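Only one chain is included here, represented as structure tokens and corresponding to the form predicted on its own.
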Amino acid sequence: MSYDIAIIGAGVVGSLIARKLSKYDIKIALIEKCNDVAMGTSKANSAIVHAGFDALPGTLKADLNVKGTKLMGYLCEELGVPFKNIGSLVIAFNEEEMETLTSLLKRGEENNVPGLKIIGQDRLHEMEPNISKRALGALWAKTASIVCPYELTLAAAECAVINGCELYRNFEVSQIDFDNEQFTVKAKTGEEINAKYVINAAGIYSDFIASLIGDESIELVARKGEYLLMDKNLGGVVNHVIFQCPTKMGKGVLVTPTVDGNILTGPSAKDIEGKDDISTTSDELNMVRTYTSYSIPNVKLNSVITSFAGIRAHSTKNDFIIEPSKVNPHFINVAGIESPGLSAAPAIAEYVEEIMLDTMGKLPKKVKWQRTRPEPVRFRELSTVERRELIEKNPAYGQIVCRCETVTEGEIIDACHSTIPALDLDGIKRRTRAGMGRCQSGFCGPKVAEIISRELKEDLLDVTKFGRKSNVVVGKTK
């Protein structure tokens, strides 16, 4: 197949770029090596839309963070993605850290972050009653928010597909050739596509993808962060995103509500050799517990329902790398997108759009471009009357499969037949929240596997957790 543009990487950045470019009358391929979109950093991060006071003035990080944060609320409303503007607090425990807050305030003002101010101890404890009594003050940023990053990624990718973009899953790029002003992008399986332009949004693997055309300019460090997710019974323990003062390794351990009502704390920060190690360790998680208790001493750490890890693509240049490759100007690198990459993602998409228009020339726009995507049913959020009406139309919505999150069989069936169908248990989990609750799929997992088998017409033995060889059932006992 031949395309005008091939985008490698269906994370939040690649998917939003695909959506942005899908308004033009061109052929686009969105390529993902995994079984679903949002399988890398986009599914395992802090889910914070940062205000923008942390990045150094004059960097792409600073500029695109502030612009992206301004765009995010509107974008999420347009795509039907959970989003809450709750603000953030960076807390200080001593006079030296209070001086750090002053520096962050000045930096934020240079970055044109609106509504920043330093608050004292009394106001801080009024806003956050459970905060440590040792906290002397905080930097308040009212524009900070929380979002669901994997739902944002899915919604953007679905919107792109609705507008004609073609999604390739399980397409692990192993070779890129260039001849006669056209790239040939080859997968390990032997499958290949052709494209006039390639956008490299491959996350932690963007250095490897660039190297396939002989571009060795990108140097990335894999920085792993481990998190703890707590039960919804802790809802209300914090009202805002709570940061500690940043370090050279990042923004430190935070405590935040999620858009779904849980409490998330983390991440740790450890540079690792490989790119795929998302295991968790007792040492790192204990460190997260310790730092969490500094901020919120009375948090019930026995309410943890799961832990997970994500890997950030830290650039040795300490900034985003978004530019045409010096090896081939038809190859656009979008690399080193670590925090605040999620916050900046909407603005990164616009920035890449401008690069493509400069590179390709004026592009014709489609007569009809659909800005939205069909918003999924969220049974748990409906009123009793709305639930009754839905069940009357389709009895499958009356069958609760996941009791922890109140997810129905109807929602799971919808996910199996959506614009970008869920192909595995984790795909269902990200689309519906079935398995996200207290029991972590302990009760609903087998039923979800049966529904996937039935709806996708595949043998139950072939149903996987996340694709490849992660089979859920390995044999029959009788």
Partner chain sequence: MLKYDLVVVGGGPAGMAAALKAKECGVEKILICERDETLGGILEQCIHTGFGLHYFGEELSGPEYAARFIEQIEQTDIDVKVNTMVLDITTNNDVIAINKDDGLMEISSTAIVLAMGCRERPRGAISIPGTRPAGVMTAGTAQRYANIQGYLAGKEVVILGSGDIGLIMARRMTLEGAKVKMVCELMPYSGGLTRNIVQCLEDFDIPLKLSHTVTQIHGDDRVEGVTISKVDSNLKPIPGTEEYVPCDTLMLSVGLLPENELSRSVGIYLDRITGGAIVDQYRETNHEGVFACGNVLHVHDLVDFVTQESQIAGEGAANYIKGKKAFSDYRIHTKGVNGVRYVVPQRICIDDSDQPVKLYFRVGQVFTNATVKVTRNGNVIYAKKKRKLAPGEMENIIIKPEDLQEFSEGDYLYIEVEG
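Positions refer to the first chain, counted from 1. Quantities reported herein were computed from a predicted structural model and do not represent experimental measurements.
What comes next is about the form predicted in complex with its partner chain, which is not displayed.
Undergrad: Answer for C439 alone: is it within 4.5 Å of its partner chain in the predicted bound form, judged on heavy atom distances?
TA: C439 belongs to the contact set for its partner chain.
Undergrad: Quick one: does L456 come within 4.5 Å of its partner chain in the predicted bound form, counting heavy atoms only?
TA: L456: no, not in contact with its partner chain in the predicted bound form.
Undergrad: Answer with yes or no whether P446 is in contact with its partner chain in the predicted bound form, where contact means some heavy atom within 4.5 Å.
TA: So P446 counts as contacting its partner chain.
Undergrad: Is there a heavy atom of C404 lying 4.5 Å or less from a heavy atom of its partner chain in the predicted bound form?
TA: C404 belongs to the contact set for its partner chain.
Undergrad: Here the chain is shown alone; which of I400, I86, L136, A187 has a heavy atom within 4.5 Å of its partner chain in the predicted bound form?
TA: Only one listed residue qualifies here, and that residue is I400.
Undergrad: Taking its partner chain in the predicted bound form as the reference, which of I305, L357, I119, M287 has a non-hydrogen atom within 4.5 Å?
TA: Comparing distances to its partner chain in the predicted bound form, the residue within 4.5 Å is I305.
Undergrad: At 4.5 Å between heavy atoms, only one of the stretches 262-270, 342-350, 386-394, 320-328 reaches its partner chain in the predicted bound form; which one is it?
TA: In short, 386-394.
Undergrad: Quick one: name the residues from 452-478 with any non-hydrogen atom within 4.5 angstroms of its partner chain in the predicted bound form.
TA: Heavy-atom contacts within 4.5 Å come from D459, L460, L461, K465, F466, R468, K469, S470, N471, V472, V473, V474, G475, K476, T477, K478.
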